[in-house]
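The chain below stands alone and is given as structure tokens, in the form predicted alone.
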């Protein structure tokens, strides 16, 4: 089998991934000063592309970062990245940093941003994860306070989440669940979290200090369409333990069932009816868009 070498987009040029380079003086490297979006392509179509572009612009505006191209041209570059790499089912990441400049925190030191697009073939998660569910662990690392770093910014400064991920790995969990500064359930290291209790779908309110996930928003919409009652609220760890069902969401996972929290079985120990309904509704929505 011939393996097609991946090409990375770096500031308007496609180069072999092993030759892709960014300056060591780039403030994204030096300070984590940048933003990103992760997307998934199905059948050559980037799912919810416009939503991701809109959030990219919101993140850029929040850190006073001027995008290197208009949004429509960034969208074209994302699509072209699929085309030149001959991919239809793909993982896509775009990252825009402050760009190279002298050492120092002043953004004015960087005359032009750096834009990188990375793609790779997407291989579906094992079916047994959706059939049996995954284990999550509530970690000690707290989500950043929203007055320290606005959770609406999808920032490349990810150390908070990495520390939480390290904890979850040590606990043998698939994902780590972070609490906020007040001890309420916030979100996973790379996911939003939902529970079901007595047929009602619960998820932490945005005021908890979480990222407004694009998949999260879609799941809430699909739940309402499916006549599932939805409640965004403040949640405690005990709400996870007492849930009838639980699942996590993100762009690549879609809707992933959770059947264990901190070693405690969730509900009957298998994905529940509301979770299964939303898994199917999400996949149907993908097919409708594709």
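Numbering follows the first chain given and starts at 1. These numbers were taken from a predicted model, which means no experiment stands behind them.
Beyond what is shown, the protein has a form predicted together with a small molecule; the following relates to that form.
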Exercise. Any chance residue 180 has a heavy atom within 4.5 Å of the small molecule in the predicted complex?
Worked result: no
Exercise. With the cut-off set at 4.5 Å between non-hydrogen atoms, does residue 249 touch the small molecule in the predicted complex?
Worked result: yes
Exercise. Does residue 138 make contact with the small molecule in the predicted complex, using a 4.5 Å heavy atom cut-off?
Worked result: no
Exercise. Is there a heavy atom of residue 163 lying 4.5 Å or less from a heavy atom of the small molecule in the predicted complex?
Worked result: no
For this session: With the small molecule left out here, work out from 69 to 77, 106 to 114, 200 to 208, 154 to 162 which stretch has heavy atoms within 4.5 Å of it in the predicted complex.
Result: 154 to 162
Exercise. Between the options 87, 190, 118, 220, which residue brings a heavy atom to within 4.5 Å of the small molecule in the predicted complex?
Worked result: 190
Exercise. Of these, 36, 241, 31, 42, which has a heavy atom no more than 4.5 Å from the small molecule in the predicted complex?
Worked result: 36
